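Before any questions on binding or motion, here is one chain by itself as structure tokens, the form predicted alone.
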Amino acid sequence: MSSKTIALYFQLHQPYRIKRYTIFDAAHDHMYFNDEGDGDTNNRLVFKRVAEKSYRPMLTLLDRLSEEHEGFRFTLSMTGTFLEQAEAWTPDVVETLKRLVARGNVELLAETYHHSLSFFYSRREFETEVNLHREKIFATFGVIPSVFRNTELAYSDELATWIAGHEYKGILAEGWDGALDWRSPNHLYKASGTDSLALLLKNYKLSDDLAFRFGDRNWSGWPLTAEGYVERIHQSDPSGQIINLFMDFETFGEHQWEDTGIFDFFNKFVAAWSRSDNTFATTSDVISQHSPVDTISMPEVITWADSERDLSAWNGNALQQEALKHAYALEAEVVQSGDKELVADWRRLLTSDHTYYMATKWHEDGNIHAYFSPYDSPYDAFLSYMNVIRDIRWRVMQHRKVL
């Protein structure tokens, strides 16, 4: 078997969930994201729970593996909303991340500060969020990312053109069959419409073995062993050079609970991969060590969510479209108000999770949306969101009166 390189990428993100906010709260209560009340929308409790189940044990494991295996390298990206909450409620998590980054085997990626889909709704807001994120990463870790990852891997040729024009050398995207045709995601590509922007494509089948299927006892591949996974990787594409395994960090301990054996599996997998001629790499390593084998064009937006792999997870129904329309319609007056608290609250409303909770899909996609949602139904998510929009609009009107 020919040697291969694995590019591991983990996304760290937590939204500010909206509490159950009624029409009677509008114009009176401006605390939409409080840390009290119901457990499912109590951001402090949720964050601390996930830190205990996922962040701390997985970061500890990554720290140890980095010491034990000289060639172990991986990539992280983290939203501004994640970092804000970690700094407030689990500062030890931030310190561990700083230690990992300082060791030099971890790359951090650029993205939007608030995990928004603003590129497709407001270019000005998108650019502001990218700048805010870069400033936050530099202030926290002392590094400036050179590879970009858009929210939910939402990618298109138009985005690639923007990224290429802003001094980034690479971007991540979903290796979706519809865009690849006969080609494999296991190579480095060039983004269409750019001179040299590197395009790294997620191998969704192998990534989803861990992110979604690992603990499923009805899956034909269960139980997945470290040696079995190494074999699956080699058999998936014998000629492939790079295996891009992209997934949420919370895969470890939160989505796949500890009792599934996910931590022990990952420990053994890294050891098994490191014993061979195979290597681990960051996204920048891949770009520097490989040349693009072809150009990939994605004229329509492709994401890493749901069976359609488009934006319908966030804007596919009337509820989501209405929410997005009203949120972005407030942009100019909110920003011009100069009210820092108002601007901060409005930006937190742009986080993609809010409209994700409003999805009304069926079957497996619907089950996944429901799993992540803290609300009883998509309609409850919509009502709380729109009631907050009403209050944001009321606050904007107060600024008009002052002027």
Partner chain sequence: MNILMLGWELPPHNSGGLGVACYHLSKSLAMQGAEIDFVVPYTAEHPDIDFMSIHAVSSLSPLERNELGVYDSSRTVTSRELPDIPGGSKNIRDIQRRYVSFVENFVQDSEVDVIHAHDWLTMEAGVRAKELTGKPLIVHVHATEFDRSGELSGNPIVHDIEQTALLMADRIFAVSKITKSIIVHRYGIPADKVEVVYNGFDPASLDDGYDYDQITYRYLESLKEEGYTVVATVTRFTVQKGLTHLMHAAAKVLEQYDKVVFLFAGDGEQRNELIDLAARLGISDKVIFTGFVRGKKWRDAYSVADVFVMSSVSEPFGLTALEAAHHDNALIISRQSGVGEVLNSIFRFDFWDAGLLADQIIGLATSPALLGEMKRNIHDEYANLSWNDIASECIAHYSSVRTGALV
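Numbering follows the first chain given and starts at 1. Remember, it's a predicted structure, so these values are computed and weren't measured experimentally.
The same protein also has a form predicted in complex with the partner chain, omitted here; what follows describes it.
Comparing 302-310, 322-330, 241-249, 181-189 against the partner chain in the predicted bound form, the single stretch with non-hydrogen atoms within 4.5 angstroms of it is 322-330. The closest non-hydrogen atom of V293 lies beyond 4.5 Å of the partner chain in the predicted bound form.
Within this chain, S377 lines the site of the partner chain in the predicted bound form, having a heavy atom no more than 4.5 Å away.
Interface residue remark: K340 is not counted as part of the site for the partner chain in the predicted bound form, having no heavy atom within 4.5 Å. Under a 4.5 angstroms non-hydrogen atom cutoff, the partner chain in the predicted bound form lacks L12 among its neighbouring residues. Against the partner chain in the predicted bound form, the set F24, R390 and W394 is in full contact: each member has a heavy atom within 4.5 Å. Among A88, A318, A271, V143, the residue placing a heavy atom within 4.5 Å of the partner chain in the predicted bound form is A318.
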